[in-house]
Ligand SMILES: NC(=O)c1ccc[n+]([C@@H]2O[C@H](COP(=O)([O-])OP(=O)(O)OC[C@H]3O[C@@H](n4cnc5c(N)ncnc54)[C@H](OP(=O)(O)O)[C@@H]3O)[C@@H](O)[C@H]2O)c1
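Let's start with one chain on its own, the form predicted alone, as structure tokens.
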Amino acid sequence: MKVGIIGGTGDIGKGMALRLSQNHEVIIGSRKEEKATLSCDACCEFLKELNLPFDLTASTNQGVIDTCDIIIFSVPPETLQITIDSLTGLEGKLVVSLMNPMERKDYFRYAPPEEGSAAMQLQKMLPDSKVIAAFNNIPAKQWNQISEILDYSVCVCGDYEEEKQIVMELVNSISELQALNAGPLAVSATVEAITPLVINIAKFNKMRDVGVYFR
């Protein structure tokens, strides 16, 4: 699969690039190509040092859309609109949302948009794209810990069954992640809300890398 990551220079984006590029052709995207190139070079050097195989290149966010089969949106929910406004050609594309809108006070609280979830908001913004929600509840730091196994359960939500199956295959190709069909895109609100819960549990119980398992 040829996978592009919009916002691929953030911590989660880079971690996903490190993991995915070992089995897929991956393109790191950014608003500025030079920023994507710096991030890509750092990832490539890291993987070389570990003697791991990879297929990883850099481009602009628009370049990602123009060349990739699967587009992952790894951007803060508050920058989603400005990101979408800067892009064209998403019609018919398989788009993956891993965004979790939250508010941080003394604790983390789920703060969905009026559409009900970030994934449903993205689908409304991109009515001609096929949006699937996945990867929502994986601890951010764990993406970059290449020496550690990822064995979390990953809920996958979407209204397009063929595209949902493709994303589930993508999930299952990463370490020991287990993709689970969680139903239609409307369920993404429940899945996104798990992330602030997990962070609160980790914070108040002084735990690290708390994840979600369905066994």
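When you see a residue number, it is the position in the sequence shown, counting from 1. Keep in mind it's a predicted model, so treat the numbers as computed, not measured.
One more form of this protein exists, namely the form predicted in complex with the ligand; it is left out here, but the text below deals with it.
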Residues 9, 98 and 140 all lining the ligand in the predicted complex, heavy atom within 4.5 Å: yes
is_contact(residue 83, the ligand) in the predicted complex, heavy atom dist at most 4.5 Å: yes
Contact label in the predicted complex: residue 116 to the ligand, heavy atom within 4.5 Å: no
Interface membership of residue 121, the ligand in the predicted complex, 4.5 Å heavy atom rule: no
Residue 94: touches the ligand in the predicted complex, heavy atom cutoff 4.5 angstroms: no
